[in-house]
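Below sits a lone chain in C-alpha coordinates, taken as the form predicted alone.
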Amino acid sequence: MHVVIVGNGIAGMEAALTLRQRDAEARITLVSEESDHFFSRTALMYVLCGQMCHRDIEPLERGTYERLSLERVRARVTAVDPERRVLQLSDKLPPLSYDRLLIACGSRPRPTPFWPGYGELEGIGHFVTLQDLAWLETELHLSTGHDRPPREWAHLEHTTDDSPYQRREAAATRRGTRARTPVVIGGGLIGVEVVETLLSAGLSPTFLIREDWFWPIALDERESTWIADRMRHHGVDVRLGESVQRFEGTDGRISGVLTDQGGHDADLVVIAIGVVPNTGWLEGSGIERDSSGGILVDEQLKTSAQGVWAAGDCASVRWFNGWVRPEQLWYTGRDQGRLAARAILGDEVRYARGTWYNSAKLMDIEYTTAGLVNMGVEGEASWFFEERGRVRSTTRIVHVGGRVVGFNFLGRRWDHDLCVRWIEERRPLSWVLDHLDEARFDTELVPPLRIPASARSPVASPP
(Lines give C-alpha, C1' and ligand atoms only; values in the text may rest on other atoms or scores of the structure.)
Protein backbone atom coordinates (compact mmCIF):
# COMPACT_ATOMS: atom_id res chain seq x y z
CA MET A 1 0.00 0.00 0.00
CA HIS A 2 1.29 3.43 -0.94
CA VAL A 3 0.14 6.17 1.44
CA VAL A 4 0.88 9.75 0.41
CA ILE A 5 0.69 12.51 3.03
CA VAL A 6 0.49 16.11 1.85
CA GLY A 7 2.16 18.16 4.59
CA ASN A 8 4.82 17.30 7.15
CA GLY A 9 3.59 19.36 10.09
CA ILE A 10 2.40 17.85 13.35
CA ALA A 11 -0.65 16.10 11.81
CA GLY A 12 1.26 14.70 8.83
CA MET A 13 4.26 13.51 10.85
CA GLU A 14 2.19 11.89 13.59
CA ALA A 15 0.24 10.06 10.89
CA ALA A 16 3.46 8.87 9.22
CA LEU A 17 4.93 7.67 12.52
CA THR A 18 1.72 5.85 13.45
CA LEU A 19 1.50 4.20 10.02
CA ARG A 20 5.08 2.99 10.19
CA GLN A 21 4.66 1.68 13.72
CA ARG A 22 1.71 -0.42 12.58
CA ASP A 23 2.84 -1.41 9.08
CA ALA A 24 6.52 -2.06 8.40
CA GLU A 25 5.97 -2.70 4.68
CA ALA A 26 3.76 0.20 3.58
CA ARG A 27 5.28 2.76 1.26
CA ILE A 28 4.87 6.18 2.93
CA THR A 29 5.58 9.41 1.05
CA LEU A 30 5.54 12.87 2.61
CA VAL A 31 5.10 15.81 0.23
CA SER A 32 6.04 19.24 1.55
CA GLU A 33 6.63 22.56 -0.13
CA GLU A 34 7.78 24.50 2.92
CA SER A 35 10.67 22.37 4.20
CA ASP A 36 12.19 18.92 4.14
CA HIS A 37 12.05 18.55 7.90
CA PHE A 38 9.28 18.57 10.47
CA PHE A 39 9.60 21.56 12.79
CA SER A 40 7.66 23.18 15.61
CA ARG A 41 5.79 26.14 14.14
CA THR A 42 4.93 27.51 17.57
CA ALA A 43 8.68 27.94 18.24
CA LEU A 44 9.41 30.23 15.26
CA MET A 45 9.29 33.28 17.53
CA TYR A 46 12.09 31.88 19.70
CA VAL A 47 14.36 31.58 16.67
CA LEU A 48 13.53 35.15 15.67
CA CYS A 49 14.33 36.33 19.20
CA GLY A 50 17.66 34.47 19.14
CA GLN A 51 16.70 32.21 22.06
CA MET A 52 16.87 29.09 19.88
CA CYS A 53 18.61 28.17 16.65
CA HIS A 54 16.91 26.71 13.60
CA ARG A 55 17.85 23.11 14.35
CA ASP A 56 16.54 23.42 17.92
CA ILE A 57 12.94 23.50 16.70
CA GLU A 58 13.13 20.19 14.81
CA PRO A 59 11.64 17.62 17.24
CA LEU A 60 12.98 14.57 15.34
CA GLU A 61 16.50 13.60 14.39
CA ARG A 62 17.05 14.09 10.70
CA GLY A 63 17.93 10.44 10.31
CA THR A 64 14.39 9.47 11.33
CA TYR A 65 13.14 9.62 7.75
CA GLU A 66 15.74 7.19 6.43
CA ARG A 67 15.58 4.95 9.49
CA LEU A 68 11.80 4.56 9.13
CA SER A 69 11.88 4.49 5.30
CA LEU A 70 9.77 7.60 4.96
CA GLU A 71 10.09 9.00 1.45
CA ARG A 72 10.15 12.77 1.00
CA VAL A 73 9.17 14.86 -2.00
CA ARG A 74 9.97 18.58 -1.85
CA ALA A 75 7.33 20.07 -4.11
CA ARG A 76 4.07 21.89 -4.25
CA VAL A 77 0.90 19.90 -4.89
CA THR A 78 -1.12 21.78 -7.49
CA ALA A 79 -4.09 19.42 -7.96
CA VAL A 80 -5.52 16.04 -7.01
CA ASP A 81 -7.57 13.62 -9.09
CA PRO A 82 -9.36 11.35 -6.58
CA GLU A 83 -10.82 9.11 -9.30
CA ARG A 84 -7.38 8.31 -10.76
CA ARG A 85 -5.71 8.64 -7.33
CA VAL A 86 -3.04 10.95 -8.67
CA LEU A 87 -1.44 14.16 -7.38
CA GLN A 88 -0.13 16.81 -9.74
CA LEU A 89 3.13 18.41 -8.60
CA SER A 90 4.81 21.70 -9.39
CA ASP A 91 8.10 22.33 -11.20
CA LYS A 92 7.29 19.88 -14.00
CA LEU A 93 7.69 16.91 -11.64
CA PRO A 94 5.92 13.72 -12.67
CA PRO A 95 2.48 12.99 -11.17
CA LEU A 96 2.48 11.04 -7.91
CA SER A 97 0.04 8.15 -7.59
CA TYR A 98 -1.31 6.82 -4.29
CA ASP A 99 -3.50 4.13 -2.81
CA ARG A 100 -4.49 6.20 0.22
CA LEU A 101 -4.13 9.95 0.62
CA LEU A 102 -3.98 12.05 3.78
CA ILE A 103 -4.28 15.81 3.32
CA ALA A 104 -2.56 17.59 6.21
CA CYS A 105 -1.57 20.80 4.44
CA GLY A 106 -2.20 23.15 7.38
CA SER A 107 -3.02 26.84 7.22
CA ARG A 108 -1.91 29.94 5.40
CA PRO A 109 -2.24 33.63 6.33
CA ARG A 110 -5.76 34.96 6.02
CA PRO A 111 -6.16 37.03 2.84
CA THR A 112 -6.08 40.73 3.57
CA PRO A 113 -8.95 43.08 2.77
CA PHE A 114 -8.36 45.32 -0.21
CA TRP A 115 -5.63 47.54 1.17
CA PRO A 116 -3.96 49.54 -1.60
CA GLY A 117 -0.22 48.94 -1.53
CA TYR A 118 -0.38 45.37 -0.31
CA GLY A 119 1.51 43.09 -2.68
CA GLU A 120 3.22 46.08 -4.30
CA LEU A 121 5.54 47.37 -1.57
CA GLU A 122 8.54 45.69 0.03
CA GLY A 123 8.53 45.43 3.81
CA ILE A 124 5.03 43.96 4.23
CA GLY A 125 4.52 40.33 5.22
CA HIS A 126 3.29 37.76 7.71
CA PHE A 127 4.77 35.49 10.37
CA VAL A 128 3.45 31.99 9.74
CA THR A 129 6.01 30.06 7.66
CA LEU A 130 9.73 29.36 7.59
CA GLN A 131 10.00 31.74 4.67
CA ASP A 132 8.34 34.42 6.81
CA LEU A 133 10.96 33.76 9.48
CA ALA A 134 13.81 34.25 7.00
CA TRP A 135 12.21 37.48 5.76
CA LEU A 136 11.73 38.92 9.26
CA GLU A 137 15.25 37.94 10.33
CA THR A 138 16.56 40.00 7.45
CA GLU A 139 14.26 42.95 8.17
CA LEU A 140 15.23 43.02 11.85
CA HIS A 141 18.87 41.98 11.75
CA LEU A 142 20.03 42.29 8.12
CA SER A 143 20.92 38.60 8.43
CA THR A 144 19.32 35.20 8.88
CA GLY A 145 19.92 35.18 12.61
CA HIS A 146 22.61 33.87 14.89
CA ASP A 147 23.18 30.81 12.72
CA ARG A 148 22.23 30.49 9.09
CA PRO A 149 19.28 28.18 8.48
CA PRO A 150 20.14 24.74 7.12
CA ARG A 151 20.42 24.56 3.36
CA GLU A 152 17.38 22.28 3.25
CA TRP A 153 15.25 25.14 4.57
CA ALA A 154 16.10 27.41 1.67
CA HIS A 155 13.35 28.81 -0.49
CA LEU A 156 12.02 26.69 -3.35
CA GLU A 157 12.73 28.65 -6.51
CA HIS A 158 9.75 27.12 -8.34
CA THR A 159 7.21 28.30 -5.75
CA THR A 160 4.58 30.47 -7.41
CA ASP A 161 3.39 33.91 -6.35
CA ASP A 162 0.16 32.63 -4.77
CA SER A 163 2.03 30.25 -2.46
CA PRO A 164 2.34 31.06 1.27
CA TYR A 165 5.93 29.75 0.97
CA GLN A 166 7.13 32.18 -1.66
CA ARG A 167 10.29 34.12 -1.01
CA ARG A 168 9.76 37.73 0.05
CA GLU A 169 12.34 40.41 -0.54
CA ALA A 170 13.22 42.41 2.57
CA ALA A 171 12.99 46.19 2.36
CA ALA A 172 15.97 46.33 4.74
CA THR A 173 18.20 44.76 2.08
CA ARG A 174 17.72 47.58 -0.44
CA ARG A 175 17.55 50.21 2.25
CA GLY A 176 20.78 48.99 3.83
CA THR A 177 19.48 49.42 7.37
CA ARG A 178 17.33 47.28 9.58
CA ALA A 179 13.74 48.21 10.38
CA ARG A 180 13.22 51.01 12.87
CA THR A 181 9.48 51.81 12.84
CA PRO A 182 7.53 48.53 12.72
CA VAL A 183 3.74 48.22 12.68
CA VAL A 184 1.81 45.05 13.55
CA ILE A 185 -1.77 44.69 12.31
CA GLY A 186 -4.20 42.30 14.01
CA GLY A 187 -4.90 41.52 17.66
CA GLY A 188 -4.43 37.80 18.28
CA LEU A 189 -1.81 35.28 19.36
CA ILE A 190 0.43 35.70 16.31
CA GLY A 191 0.19 39.45 16.62
CA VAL A 192 1.32 39.54 20.24
CA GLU A 193 4.13 37.07 19.44
CA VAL A 194 5.42 39.38 16.71
CA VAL A 195 5.19 42.33 19.08
CA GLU A 196 7.35 40.45 21.59
CA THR A 197 9.98 39.63 18.96
CA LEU A 198 10.11 43.29 17.92
CA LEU A 199 10.59 44.34 21.53
CA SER A 200 13.41 41.79 21.88
CA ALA A 201 15.08 43.46 18.88
CA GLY A 202 15.06 46.78 20.73
CA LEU A 203 12.18 48.29 18.76
CA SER A 204 8.96 50.01 19.87
CA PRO A 205 6.21 48.72 17.58
CA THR A 206 2.82 50.19 16.85
CA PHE A 207 0.06 47.61 17.33
CA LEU A 208 -3.08 48.31 15.27
CA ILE A 209 -6.18 46.44 16.45
CA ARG A 210 -9.46 46.94 14.63
CA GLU A 211 -11.60 45.78 17.56
CA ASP A 212 -12.35 47.75 20.72
CA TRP A 213 -10.07 45.52 22.76
CA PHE A 214 -7.28 43.03 22.23
CA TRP A 215 -8.30 39.46 21.22
CA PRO A 216 -12.06 39.66 21.82
CA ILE A 217 -12.66 36.06 20.75
CA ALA A 218 -10.70 34.91 23.82
CA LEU A 219 -10.70 37.74 26.38
CA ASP A 220 -13.31 40.06 27.82
CA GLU A 221 -12.72 43.79 28.13
CA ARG A 222 -11.36 43.60 31.68
CA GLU A 223 -8.83 40.90 30.79
CA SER A 224 -7.82 42.60 27.58
CA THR A 225 -7.30 45.95 29.30
CA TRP A 226 -4.67 44.36 31.53
CA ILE A 227 -2.83 42.83 28.56
CA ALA A 228 -2.92 46.14 26.66
CA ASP A 229 -1.60 47.98 29.72
CA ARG A 230 1.31 45.52 29.98
CA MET A 231 2.13 45.99 26.31
CA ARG A 232 2.16 49.75 26.75
CA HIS A 233 4.36 49.36 29.82
CA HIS A 234 6.90 47.52 27.65
CA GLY A 235 6.89 50.28 25.03
CA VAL A 236 4.20 49.14 22.58
CA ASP A 237 1.97 51.82 21.06
CA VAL A 238 -1.34 49.95 21.26
CA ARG A 239 -4.04 51.50 19.08
CA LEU A 240 -7.53 50.06 19.59
CA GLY A 241 -10.45 50.55 17.24
CA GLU A 242 -8.31 51.56 14.25
CA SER A 243 -9.00 50.13 10.81
CA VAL A 244 -6.33 50.08 8.12
CA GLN A 245 -7.24 51.96 4.94
CA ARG A 246 -4.10 51.69 2.80
CA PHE A 247 -0.33 51.35 2.74
CA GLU A 248 1.92 54.14 1.54
CA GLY A 249 5.36 53.70 0.05
CA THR A 250 8.51 55.39 -1.18
CA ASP A 251 10.69 53.92 -3.95
CA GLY A 252 8.75 50.65 -3.79
CA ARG A 253 9.17 50.25 -0.02
CA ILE A 254 6.63 50.65 2.78
CA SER A 255 6.79 54.04 4.45
CA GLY A 256 3.48 54.37 6.27
CA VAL A 257 0.09 52.94 7.20
CA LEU A 258 -3.04 55.07 6.86
CA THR A 259 -5.99 54.18 9.14
CA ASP A 260 -9.43 55.65 9.68
CA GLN A 261 -7.92 57.66 12.55
CA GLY A 262 -4.72 58.97 10.96
CA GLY A 263 -1.33 57.85 9.72
CA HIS A 264 1.60 55.92 11.19
CA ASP A 265 5.18 55.89 9.93
CA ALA A 266 6.29 52.35 9.07
CA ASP A 267 9.33 50.79 7.43
CA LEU A 268 8.07 47.28 8.31
CA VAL A 269 4.52 45.91 8.50
CA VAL A 270 3.60 42.47 9.81
CA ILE A 271 -0.01 41.44 9.13
CA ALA A 272 -1.38 39.06 11.76
CA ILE A 273 -5.12 38.87 11.10
CA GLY A 274 -5.35 35.10 11.41
CA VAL A 275 -5.00 32.02 9.24
CA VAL A 276 -7.25 29.95 6.98
CA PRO A 277 -6.97 26.37 5.65
CA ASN A 278 -4.37 26.11 2.87
CA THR A 279 -6.72 24.28 0.52
CA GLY A 280 -7.06 26.45 -2.58
CA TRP A 281 -5.26 23.78 -4.63
CA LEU A 282 -8.27 21.47 -4.12
CA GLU A 283 -10.43 23.59 -6.43
CA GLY A 284 -12.08 21.32 -8.99
CA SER A 285 -11.16 18.10 -7.17
CA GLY A 286 -14.68 17.38 -5.94
CA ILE A 287 -13.47 17.18 -2.34
CA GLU A 288 -16.03 19.08 -0.31
CA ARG A 289 -15.01 22.10 1.74
CA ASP A 290 -16.88 24.56 3.94
CA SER A 291 -17.00 28.35 3.61
CA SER A 292 -13.69 28.71 5.51
CA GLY A 293 -11.92 26.39 3.06
CA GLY A 294 -11.79 23.61 5.65
CA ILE A 295 -12.10 20.09 4.26
CA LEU A 296 -15.32 18.46 5.46
CA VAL A 297 -14.65 15.11 7.10
CA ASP A 298 -16.70 12.45 8.89
CA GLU A 299 -16.00 10.94 12.30
CA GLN A 300 -13.18 8.88 10.80
CA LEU A 301 -11.68 12.03 9.25
CA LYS A 302 -12.57 10.73 5.81
CA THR A 303 -13.38 13.26 3.10
CA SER A 304 -16.08 13.10 0.43
CA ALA A 305 -13.59 11.42 -1.94
CA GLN A 306 -12.86 7.71 -1.85
CA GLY A 307 -9.49 6.88 -0.29
CA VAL A 308 -8.83 10.44 0.96
CA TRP A 309 -8.62 11.61 4.58
CA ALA A 310 -7.81 15.02 6.09
CA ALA A 311 -6.32 16.04 9.43
CA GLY A 312 -4.98 19.09 11.25
CA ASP A 313 -5.61 22.75 10.52
CA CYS A 314 -7.11 22.07 7.10
CA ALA A 315 -9.87 19.70 8.33
CA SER A 316 -13.30 20.90 9.44
CA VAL A 317 -14.44 18.61 12.24
CA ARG A 318 -17.47 18.59 14.52
CA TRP A 319 -16.75 20.37 17.78
CA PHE A 320 -18.10 19.42 21.20
CA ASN A 321 -20.76 22.15 20.92
CA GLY A 322 -21.96 21.09 17.45
CA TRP A 323 -19.95 23.54 15.33
CA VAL A 324 -18.23 22.19 12.22
CA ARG A 325 -15.00 24.09 11.66
CA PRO A 326 -11.20 23.66 11.68
CA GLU A 327 -9.32 23.23 14.94
CA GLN A 328 -6.09 25.16 14.59
CA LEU A 329 -4.27 23.84 17.64
CA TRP A 330 -1.08 21.82 17.98
CA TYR A 331 -2.52 19.04 20.13
CA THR A 332 -5.64 18.56 18.02
CA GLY A 333 -3.43 18.24 14.92
CA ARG A 334 -1.40 15.59 16.75
CA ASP A 335 -4.50 13.65 17.77
CA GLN A 336 -6.12 13.87 14.35
CA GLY A 337 -2.94 12.71 12.59
CA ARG A 338 -2.73 9.61 14.77
CA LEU A 339 -6.41 8.80 14.34
CA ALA A 340 -6.35 9.34 10.57
CA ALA A 341 -3.48 6.86 10.27
CA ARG A 342 -5.48 4.25 12.15
CA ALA A 343 -8.49 4.91 9.92
CA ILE A 344 -6.32 4.48 6.81
CA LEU A 345 -5.22 1.11 8.17
CA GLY A 346 -8.84 0.03 8.57
CA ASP A 347 -9.38 0.49 12.31
CA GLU A 348 -12.83 1.36 13.55
CA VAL A 349 -12.14 4.79 14.98
CA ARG A 350 -14.12 7.90 15.82
CA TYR A 351 -12.78 11.40 16.32
CA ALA A 352 -14.66 12.95 19.21
CA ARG A 353 -13.42 16.42 19.93
CA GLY A 354 -13.08 16.85 23.67
CA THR A 355 -13.43 19.98 25.74
CA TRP A 356 -11.47 22.90 24.32
CA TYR A 357 -8.35 24.02 26.15
CA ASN A 358 -5.31 26.14 25.37
CA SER A 359 -2.51 28.01 27.09
CA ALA A 360 -0.06 30.71 26.12
CA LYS A 361 1.95 33.57 27.49
CA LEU A 362 0.75 37.05 26.59
CA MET A 363 3.80 39.24 27.10
CA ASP A 364 4.77 38.25 30.67
CA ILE A 365 1.27 37.14 31.70
CA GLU A 366 0.32 33.45 31.85
CA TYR A 367 -2.91 32.53 30.06
CA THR A 368 -4.96 29.33 30.43
CA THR A 369 -8.43 28.62 29.09
CA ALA A 370 -10.74 25.61 28.99
CA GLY A 371 -14.30 24.97 27.88
CA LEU A 372 -16.98 27.34 26.66
CA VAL A 373 -15.52 30.81 27.08
CA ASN A 374 -16.68 33.74 24.91
CA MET A 375 -18.89 31.38 22.92
CA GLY A 376 -22.25 32.95 23.74
CA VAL A 377 -23.82 29.97 25.50
CA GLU A 378 -27.49 30.55 26.22
CA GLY A 379 -28.11 31.39 29.85
CA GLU A 380 -24.43 31.74 30.73
CA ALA A 381 -23.11 33.86 33.58
CA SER A 382 -19.55 34.70 34.60
CA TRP A 383 -17.94 34.64 38.03
CA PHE A 384 -14.97 37.00 38.01
CA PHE A 385 -12.27 37.72 40.56
CA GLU A 386 -9.24 39.96 40.22
CA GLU A 387 -6.28 39.43 42.50
CA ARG A 388 -3.99 42.33 43.41
CA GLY A 389 -0.98 41.99 45.68
CA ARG A 390 2.18 39.88 45.48
CA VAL A 391 0.57 38.24 42.44
CA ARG A 392 -1.78 39.89 40.00
CA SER A 393 -4.25 37.58 38.32
CA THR A 394 -7.80 37.33 37.00
CA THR A 395 -10.07 34.31 37.25
CA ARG A 396 -13.20 34.07 35.12
CA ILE A 397 -15.44 31.02 35.44
CA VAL A 398 -18.36 30.65 33.03
CA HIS A 399 -21.38 28.73 34.37
CA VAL A 400 -24.86 27.87 33.21
CA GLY A 401 -27.45 27.30 35.90
CA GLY A 402 -24.66 27.05 38.43
CA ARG A 403 -22.79 24.33 36.49
CA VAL A 404 -19.30 25.30 35.34
CA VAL A 405 -18.74 25.19 31.56
CA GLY A 406 -15.56 27.25 31.10
CA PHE A 407 -12.47 28.82 32.66
CA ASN A 408 -10.34 31.82 31.68
CA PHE A 409 -7.22 32.53 33.75
CA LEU A 410 -4.58 35.24 33.51
CA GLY A 411 -1.49 35.75 35.65
CA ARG A 412 -1.16 32.30 37.21
CA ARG A 413 -0.46 28.82 35.89
CA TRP A 414 -3.25 26.26 36.04
CA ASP A 415 -3.58 22.56 35.29
CA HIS A 416 -6.00 22.46 32.38
CA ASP A 417 -6.49 18.68 32.82
CA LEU A 418 -8.28 19.25 36.13
CA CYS A 419 -10.31 22.12 34.72
CA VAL A 420 -11.44 19.97 31.79
CA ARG A 421 -12.31 17.13 34.16
CA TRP A 422 -14.45 19.42 36.32
CA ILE A 423 -16.31 20.67 33.25
CA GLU A 424 -16.97 17.13 32.07
CA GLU A 425 -18.01 16.07 35.58
CA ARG A 426 -20.55 18.93 35.51
CA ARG A 427 -19.28 20.38 38.77
CA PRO A 428 -21.22 23.29 40.31
CA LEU A 429 -19.55 26.66 40.74
CA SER A 430 -19.52 26.45 44.55
CA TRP A 431 -17.69 23.11 44.45
CA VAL A 432 -15.13 24.40 41.93
CA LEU A 433 -14.39 27.46 44.05
CA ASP A 434 -13.81 25.21 47.07
CA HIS A 435 -11.38 23.01 45.08
CA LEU A 436 -9.79 25.60 42.80
CA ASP A 437 -6.43 25.50 44.57
CA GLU A 438 -6.03 21.85 43.50
CA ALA A 439 -5.63 23.02 39.89
CA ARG A 440 -2.95 25.58 40.72
CA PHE A 441 0.21 24.92 38.72
CA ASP A 442 2.34 27.82 39.86
CA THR A 443 6.07 27.65 40.37
CA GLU A 444 7.63 27.38 43.81
CA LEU A 445 7.23 30.22 46.33
CA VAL A 446 4.19 31.65 44.55
CA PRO A 447 1.50 32.15 47.22
CA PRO A 448 -1.84 30.39 46.73
CA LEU A 449 -4.85 32.26 45.43
CA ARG A 450 -7.03 33.47 48.30
CA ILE A 451 -10.65 34.21 47.42
CA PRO A 452 -12.54 35.99 50.20
CA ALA A 453 -15.95 34.71 51.17
CA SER A 454 -17.50 37.97 50.00
CA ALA A 455 -16.34 37.23 46.43
CA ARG A 456 -17.85 33.75 46.17
CA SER A 457 -21.32 34.79 45.06
CA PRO A 458 -22.44 32.84 41.95
CA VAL A 459 -24.12 35.94 40.54
CA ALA A 460 -22.64 37.10 37.24
CA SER A 461 -20.07 39.81 37.66
CA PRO A 462 -20.66 43.17 35.94
CA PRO A 463 -18.82 43.84 32.67
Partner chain sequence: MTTYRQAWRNRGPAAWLLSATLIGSYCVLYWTSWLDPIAQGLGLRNRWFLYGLLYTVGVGGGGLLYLRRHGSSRYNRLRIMTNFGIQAIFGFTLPFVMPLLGQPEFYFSYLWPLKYDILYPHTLAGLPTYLAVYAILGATVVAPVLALSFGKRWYCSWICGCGALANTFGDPWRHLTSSSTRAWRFERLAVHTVLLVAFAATGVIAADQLLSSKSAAFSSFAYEVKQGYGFVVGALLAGVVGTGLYPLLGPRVWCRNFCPMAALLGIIQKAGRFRIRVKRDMCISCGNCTTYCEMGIDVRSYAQSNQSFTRASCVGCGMCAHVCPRGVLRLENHAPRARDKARQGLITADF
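Keep in mind that this is a model prediction, so the values were computed, not measured. Numbering follows the first chain given and starts at 1.
Beyond the structure shown, there is the form predicted together with its partner chain, which is absent from this document and is the topic of what follows.
S.K.: Taking the shortest heavy atom distance, is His233 within 4.5 Å of its partner chain in the predicted complex?
M.R.: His233 lies outside the contact set for its partner chain.
S.K.: Heavy atoms within 4.5 Å of its partner chain in the predicted complex: does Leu48 have any?
M.R.: Close contact exists here: in the predicted complex, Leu48 approaches its partner chain to within 4.5 Å, heavy atoms only.
S.K.: I'd like to check something about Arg72: if you look in the predicted complex, is any of its heavy atoms closer than or equal to 4.5 Å to a heavy atom of its partner chain?
M.R.: The answer is no: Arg72 has no heavy atom within 4.5 Å of its partner chain.
S.K.: Even though its partner chain is not shown here, does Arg67 get within 4.5 Å of it in the predicted complex, heavy atoms only?
M.R.: It does: once its partner chain is placed as it appears in the predicted complex, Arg67 has a heavy atom within 4.5 Å of it.
S.K.: Name the single residue among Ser359, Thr225, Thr259, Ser382 that comes within 4.5 Å of its partner chain in the predicted complex, judging by heavy atoms.
M.R.: So the residue touching its partner chain in the predicted complex, by this definition, is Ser359.
S.K.: May I ask whether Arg334, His416 and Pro447 all come within 4.5 angstroms of its partner chain in the predicted complex, judged by heavy atoms?
M.R.: Yes, each of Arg334, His416 and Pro447 comes within 4.5 Å of its partner chain in the predicted complex.
S.K.: Which one, 398-406, 55-63, 26-34, 425-433, holds residues whose non-hydrogen atoms are within 4.5 Å of its partner chain in the predicted complex?
M.R.: Careful reading of the contacts points to 55-63.
S.K.: Note that its partner chain is not shown here; using its position in the predicted complex, name the residues of 1-40 with a heavy atom within 4.5 Å of it, in sequence order.
M.R.: Counting only heavy atoms within 4.5 Å of its partner chain in the predicted complex, the contacting residues of 1-40 are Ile10, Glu14, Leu17, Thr18, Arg20, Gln21, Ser40.
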